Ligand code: NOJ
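Single chain ahead, by itself, as structure tokens, in the form predicted alone.
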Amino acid sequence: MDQTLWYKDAVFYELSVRAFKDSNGDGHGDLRGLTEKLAYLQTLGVDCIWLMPIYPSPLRDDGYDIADYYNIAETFGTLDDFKTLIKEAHNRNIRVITDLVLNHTSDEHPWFKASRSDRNSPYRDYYVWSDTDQKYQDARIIFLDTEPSNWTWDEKTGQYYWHRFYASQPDLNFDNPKVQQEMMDIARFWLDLGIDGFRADAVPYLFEREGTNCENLPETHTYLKKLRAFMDENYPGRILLCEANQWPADVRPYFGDGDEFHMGFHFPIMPRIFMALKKGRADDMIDILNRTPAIPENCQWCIFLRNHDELTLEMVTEDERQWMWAQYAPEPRMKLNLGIRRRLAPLLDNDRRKIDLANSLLFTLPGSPIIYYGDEIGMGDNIELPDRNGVRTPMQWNAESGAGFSQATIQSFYAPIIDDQVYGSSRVNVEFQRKDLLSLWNIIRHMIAVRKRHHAFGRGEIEWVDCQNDRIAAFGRTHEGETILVLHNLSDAKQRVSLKIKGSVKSLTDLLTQKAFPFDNGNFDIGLDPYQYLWLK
């Protein structure tokens, strides 16, 4: 099997280094702490870690506002610590990808400081400046809750600068060849340190053109193909993962002819998994996957249930958004921008049946799954914290007062540990769950192990199966002669499934439990308990 396509079968794990494990007792997670926990990730079955930004940053956007692309923030350690992490991860057959923030820098970056110091600065043209804030009026404002405009006035030089996110994150000017080259040089630096690729942040916004919405422009694709060609030539087997929060038809061009991104997040399937669980019907999921175009053979979708951002509702209709807010964000503080700032377990009422089912969908629908740190144990959130920080709290390793995250005094933690009666670390932690064979952690670990034995999940086609019951999400995954029938009861009531099975098969076996289900004359009839799921071979 082609090893350069490793990402097709991989299980990814997104983590915040700050939140994972503190090795030196300062209340902040760090690279040495993460290195200590690689055995944990290996046991869980993780193939690739995605690290949120670890660069020096004023942290106005949790590190996505970068002040130095060539270094590690002091709180996380040193470049030598990073090299050790890569080496130890590779020794455990775990790959590591990092965030590459192409679109913008921090306003504290030396480039921007020079750019705003003087209109004649050689760095002036590294950013997008204008005498008026009326340009590019068709571009939407992404952070609606905080930003009144995509332009901010700079008093010293008497012009406006352009930003698609916070005003503290000025956009780089990709019409400047020097900016394009700087980003290639930055990519080379980290690839030379041994990383296995990048999750490229906010790629639709690199260029601006009047009369457009300034997203997904042809110039953007031309540049990204250059970046891919550079990686293919010099670093074969490393990957580019595209963050483009767009409809599938709009993400499709980011794969090119297999010569742009290796992977792309499938944003719209995610809210529809939550719709399906609330409505008890599969039609929203079926519709969006039927609207998803085919992608080149060497490309792969990436799917997720939750991540470090709000549960985005950009890729739903206005009616669906209002319905999702009513169902999943009944309190005003649960909303953020066009989304919901909750973790997976609270969203699903901490109901293990729903959480298990959602993970079953994650591991069986087309694409490579990403687990968000802490979701494998059902961690809670803290909606009292500002912005998206409520889903970025310390990892809960054990029931000690510091949750096994840090030996520091609780007051010096970068964020408070969850300590409520339901999700507090005294109840929800890794140590307890590893000992309990029926825990969420052990169920997910088992799903990952089974998934890895069957390439139909990572590489196979999907075909929806009509089982005469819209409460059931039924689909086949087929690859190189292997077919797996996956059944999910999305409802809170027992459901019957009736199917005609072709061929001479006399029984189906659930890959998760090894239980056999015999049937006669090709007639397969079975009852599924509320939220039950089966992976039948």
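Counting begins at 1, following the sequence as shown. The structure displayed is predicted, hence computed values, not measured ones.
The protein also exists as the form predicted together with the ligand; that form is not presented, and the subsequent description refers to it.
Just one of W301, W397, F143, Y235 comes within 4.5 Å of the ligand in the predicted bound form, counting any heavy atom, and that one is F143. Distance criterion of 4.5 Å from any heavy atom to the ligand in the predicted bound form singles out H308 from the list R353, H308, R124, K279.
Remark: R388 counts among the residues lining the ligand in the predicted bound form, judged by a heavy atom distance of 4.5 Å or less.
At least one heavy atom of D61 is located within 4.5 Å of the ligand in the predicted bound form. S368 falls outside the set of residues with a heavy atom inside 4.5 Å of the ligand in the predicted bound form. None of the heavy atoms of R341 is located within 4.5 Å of the ligand in the predicted bound form.
With the partner left out here, the ligand still marks one of 210-218, 165-173, 178-186, 435-443 in the predicted bound form; by a 4.5 Å heavy atom cut-off that stretch is 165-173.
By the 4.5 Å heavy atom rule, the three marked residues H104, E243 and R392 all count as contacting the ligand in the predicted bound form. In the predicted bound form, the ligand lies within 4.5 angstroms of a heavy atom of only one residue of 185-199, namely R199.
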